[in-house]
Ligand SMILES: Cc1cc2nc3c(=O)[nH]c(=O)nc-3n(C[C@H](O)[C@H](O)[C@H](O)COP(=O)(O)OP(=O)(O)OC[C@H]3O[C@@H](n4cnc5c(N)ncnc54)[C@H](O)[C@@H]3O)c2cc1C
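Have a look below at one chain only, the form predicted alone, in structure tokens format.
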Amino acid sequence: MSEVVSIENCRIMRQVNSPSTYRGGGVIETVIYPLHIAGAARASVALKQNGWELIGGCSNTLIADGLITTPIVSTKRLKGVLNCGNNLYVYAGEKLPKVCLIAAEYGLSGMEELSGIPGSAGGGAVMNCGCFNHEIAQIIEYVDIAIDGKVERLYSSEIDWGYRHSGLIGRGIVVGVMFKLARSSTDQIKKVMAVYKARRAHQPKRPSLGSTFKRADGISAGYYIEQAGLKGMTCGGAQISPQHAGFIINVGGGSAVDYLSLMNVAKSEVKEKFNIELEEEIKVIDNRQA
């Protein structure tokens, strides 16, 4: 592993337990938390020079078991939401459900479909998260990203957007996102959010990483996994959710290996039965770049 030195405007923590929303996985030896945009700019230099890994809210990221010696940069502590008229400027570490509630209080509509996504604003932009046929790219005006020690502003039209993909991946550290929204009433926005909350009732409540796989030809991967007879299958402390086969959940003591074992079984069985190659939506961090 590369030596980690002091980075101004950053906090460096050692022996950090997996922050993954799956609540399983190993221990990260070193995590660098930029506390300000200036800190992110400095960390972006080290990120490129040393091949460190970058995480956001870790809601779609699996941390491998054991000790992860690859240094990690986390945007978790970049916090703040600024009201900019009909827009909101959101620092990368803010969680999307909180941002959606703030938007509602300001009477700003456009984020309602995203209100149940547990990830961060920065991570959501990088992966172009979405649900209910709505993607975060649709409401982004621009993204501020730290690259090679400087902060650049990329307007949405300059970013290559795709399904659960963006041109921001591997480019630098997203520090803030400007969301373009529209005026509405707080009551109306909250009513719409309640509708989407009800539609998410079929999703499992146990710890997970959300959808394990991307849609295949516009059809939920969970459909194929269920048709392959894998719904409810367990491995150690992980389970293909009996409620929604598109999720792998932690039912108690689930390890990263448990998760990956079920993921690989699902890929293999769906390939064999339907000749469909499932593509992971999650990211795995291990020691491959250490």
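A residue's number is simply how far along the shown sequence it sits, counting from 1. For clarity, every value in this text was computed on a predicted model and none was experimentally measured.
One more form of this protein exists, namely the form predicted together with the ligand; it is left out here, but the text below deals with it.
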Next on the checklist: Using a 4.5 Å heavy atom cut-off, which of 80 to 88, 203 to 211, 150 to 158, 183 to 191 contacts the ligand in the predicted bound form?
Outcome noted: 203 to 211
Checklist entry - Quick one: does I169 come within 4.5 Å of the ligand in the predicted bound form, counting heavy atoms only? => result yes
Next on the checklist: Although the partner isn't part of this model, could you tell me whether P71 comes within 4.5 Å of the ligand in the predicted bound form, counting any heavy atom of the residue?
Outcome noted: no
Next on the checklist: Taking the ligand as it sits in the predicted bound form, is Y33 in contact with it (heavy atom to heavy atom, 4.5 Å or less)?
Outcome noted: no
Item to check | Contact label in the predicted bound form: R215 to the ligand, heavy atom within 4.5 Å | outcome: no
Next on the checklist: Quick check on this chain: which one of C58, L262, A43, A221 has a heavy atom within 4.5 Å of the ligand in the predicted bound form?
Outcome noted: C58
Next on the checklist: Counting any non-hydrogen atom inside 4.5 Å, which residue from V143, I139, C129, A103 sits next to the ligand in the predicted bound form?
Outcome noted: C129
Item to check | Those residues of 265 to 282 which, in the predicted bound form, come within 4.5 Å of the ligand by heavy atom | outcome: E281
